[in-house]
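First comes one chain, alone, set out as structure tokens in the form predicted alone.
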Amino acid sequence: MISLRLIFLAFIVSFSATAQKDYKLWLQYDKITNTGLASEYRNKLQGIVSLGNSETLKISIKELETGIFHMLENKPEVFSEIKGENKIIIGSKTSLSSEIQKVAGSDFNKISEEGFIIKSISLKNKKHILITGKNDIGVLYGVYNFLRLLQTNKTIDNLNIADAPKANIRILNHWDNLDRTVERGYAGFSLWNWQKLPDFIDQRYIDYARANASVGINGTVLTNVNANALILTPQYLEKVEALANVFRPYGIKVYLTARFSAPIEIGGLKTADPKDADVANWWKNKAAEIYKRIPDFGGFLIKANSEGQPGPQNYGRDHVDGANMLADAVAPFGGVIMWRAFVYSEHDANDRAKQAYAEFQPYDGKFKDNVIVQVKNGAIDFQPREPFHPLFGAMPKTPLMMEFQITQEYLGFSTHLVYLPKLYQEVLESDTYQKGKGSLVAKVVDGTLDHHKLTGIAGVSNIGNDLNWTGHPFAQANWYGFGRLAWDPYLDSETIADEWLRCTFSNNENFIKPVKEMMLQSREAVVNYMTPLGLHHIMDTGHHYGPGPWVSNLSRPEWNPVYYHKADKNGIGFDRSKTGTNATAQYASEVEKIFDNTETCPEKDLLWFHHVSWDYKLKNGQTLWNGMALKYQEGVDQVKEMQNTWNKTKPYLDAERFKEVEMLLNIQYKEAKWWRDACLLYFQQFSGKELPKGVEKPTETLEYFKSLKFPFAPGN
């Protein structure tokens, strides 16, 4: 008879294996099943030559050993000098012999300080693979890229890769609070266990750094933009220092959010006026204190005079006054100030979408050289779809930093499968026409359009202490995809999806092709069943979970969904054209003309810019009402198709991850129908029209949907 202990041990082993797969993200390093390819790799990877001894280079060696061992079941020997042939030679430029430097040739001229070179070389008629860079961090990035080639079963013949990041700050913004709750976090509690730090270093901190380095992310803001001044006290700075020490060998700098009123709250001053000499000195002393502990501290991220956060306007000053005062404090140490442009005021309810432009555009060219203004991808707030933010074409004298949201605040949390690199790519490819056709948002962000040296892309993190990091196996693709696009904002989201699937699950084409297509369509599906044709911000209030287009009782007009859709018997949509708020005038004239006219405005943005009648004819001949209803139905149908696609993947996956995604897709399908039914029942009150053929009739009443409450929705 089998003992209970043996059954329990078998369960633990099974659970651990599953946990490991989920936990390992895209660094699975699964055994290469193509025997011919595996044999070819083994022949060409007969050892590693390490030219250096830094902590970063040791990490590179360990990563190569781990990856090759698991993929090829062959542990490579490590040498300190070149012997024989078919070795991987790794080391920074200064550690290479003159002979190897000569072979590398002009490739070093093609890369920045963080760039890398992966090159097939011949030394004394013996073939090797060189992975190098100007410094050891570049080498580490090269190692991860080389291992990605193996994971995706690419050839390693005649390698000649020279690559470097196009933005120099590639950073995660953690909206993590000191009590370990995470604002808009849907994957458990914060990774940072402040109570146990600095003496207890959780293995997750190391694995977090490893995952970020593998996609080129080089910075992390540890704390919420709705900041707590306590993080700047010695008690917490000691803990921040411990994390910085963990992250440093992986090329990751730590940043903190600074509460503007900190001089009062923890400094004992009576004011936080940026023009007050005592306030400026307090910040200079605080910066010196931090840099003494953490010499490579990145700087501060600031949310000021927004949603109740204190800022310079409390003292009759402006954003320039506040940002430049802080910039002076960190400038002697090479620090950066990231000043958020997410501002809107209850005193200006004309059009929330216009306010950031109106407040920041007049300050163009007035910020210090080490200030970068962080702008959300759209003018409202991380909606399933928004036109690109008009500031990206309007501040040529100021470095602008993109802020994307990786966590799915308005996109179904971590229960909906939504591949966000499609959204990111749509924004980055948008043409601002700032300097004529081809003035892409990506060129603004990477500094090439206006020749800025300070550049950056930020992503609001979706990471928590859940076993699989992000709460949904496919939400890992959004973290991965953000990193890849922060490195190169011109990458195609399809290429990224292909990489991620092969690294995370399988190289089997019968799996890759349909699942990649599912990922690429998933963002459009969520737009269709939530906010089609340019609708926006009709989520339920506060927690932003589920539909709430009827909400109209909040104290500030721009907090209410009715403010954004403006549905009435005459039609629906927010008129931002010349006949309305004239928000279209904030774009370059070429873009303005497109958005301002219903004939030329893309239908995906129609209701963002125009209030149109229920009988308005769409390009497919449908009335607006029928077209909108059919879009809602299409979104539901797309999720059903996602379920059908996933159900066919079972032979290619471990049972645990298959089941997990299957259950989550069931939730998504149920909630897509909820969105469709609730929104169409609500808007039908105004249109007075029947649902068109092909749209399923709701099984619940509008009153039922209005009655639903979610007092403990996560992340709120």
Ligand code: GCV
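Since this is a predicted model, take the numbers as computed values, not measurements. A residue's number is simply how far along the shown sequence it sits, counting from 1.
What follows is about the form predicted in complex with the named molecule, which we do not show.
Remark: V515 does not count among the residues lining the named molecule in the predicted complex, judged by a heavy atom distance of 4.5 Å or less.
Interface residue remark: V279 is not counted as part of the site for the named molecule in the predicted complex, having no heavy atom within 4.5 Å.
Using a 4.5 angstroms threshold between heavy atoms, D381 counts as touching the named molecule in the predicted complex. In the predicted complex, the named molecule lies farther than 4.5 Å from every heavy atom of D179. Put simply, of A229, V225, M539, L606 only one has a heavy atom within 4.5 Å of the named molecule in the predicted complex, and it is V225. The single contact residue among Y564, Y357, F342, F297, judged by any heavy atom lying within 4.5 Å of the named molecule in the predicted complex, is F342.
Only one segment in the set 182-190, 153-161, 445-453, 320-328 has any non-hydrogen atom within 4.5 angstroms of the named molecule in the predicted complex, and it is 182-190. Counting a residue when any of its non-hydrogen atoms is within 4.5 Å of the named molecule in the predicted complex, the one hit in 363-380 is K376.
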